[in-house]
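Only one chain is included here, represented as structure tokens and corresponding to the form predicted alone.
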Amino acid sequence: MKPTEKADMKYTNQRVEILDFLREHEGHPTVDDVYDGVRKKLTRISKATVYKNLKFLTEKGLLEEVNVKGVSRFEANFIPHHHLICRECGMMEDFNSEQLLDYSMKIAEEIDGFTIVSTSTNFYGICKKCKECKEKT
């Protein structure tokens, strides 16, 4: 299913608020981040409800889940992109490269018996902030 298509599910108030938060939020928020953001509008929502809905929305194809250093992060950005991930602090940001995407899909075409529909590459390293902190010590 394409993310622009309506999923076959009930759009509860909680799910709508979670989707709205993720579509408006830059970055890759954790369950805690989403909970803190959604709780501003839905004051009685529990963290368990947020967690269950994030998993449900991911299963329905409306969100992507990325695990960084054992922590689940979520995004609603379905435009093909890659990630830069800091091994020190876990910071994660999107990295766009049409050239890398094209190259990955070209390689994928050569795989027998498996149809590739998308690709994503994670680059791991040390972010500028962590690098500067290390150099000071």
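Each form is matched to the other, and the largest set of C-alpha atoms that superpose within 1.5 Å is called the rigid core. So that there is no doubt, residue numbering starts at 1 and follows the sequence shown. The structure displayed is predicted, hence computed values, not measured ones.
There is another form of this protein, the form predicted together with another copy of the chain, and it is not shown here; the text below is about that form.
Using a 4.5 angstroms limit between non-hydrogen atoms, Y103 touches another copy of the chain in the model of the complex. When another copy of the chain is considered in the model of the complex, A108 lines it closely, a heavy atom lying within 4.5 Å. Another copy of the chain in the model of the complex comes within 4.5 Å of no heavy atom belonging to D36. Another copy of the chain in the model of the complex is not approached by K10, whose heavy atoms all lie more than 4.5 angstroms from it.
Among L84, A76, V31, I45, the residue placing a heavy atom within 4.5 Å of another copy of the chain in the model of the complex is L84. Of the listed positions (K52, K69, K60, K41), a single one reaches within 4.5 angstroms of another copy of the chain by any non-hydrogen atom in the model of the complex, namely K69. Residues from 101-129 that approach another copy of the chain in the model of the complex with a non-hydrogen atom closer than or equal to 4.5 Å are Y103, S104, I107, A108, I111, G113, F114, T115, I116, V117, S118, T119, S120, T121, N122, F123, Y124, G125, I126, C127, K128, in the order they occur in the chain. Fitting the two forms on the rigid core leaves the C-alpha of I116 displaced by at least 2 angstroms between the shown form and the other one.
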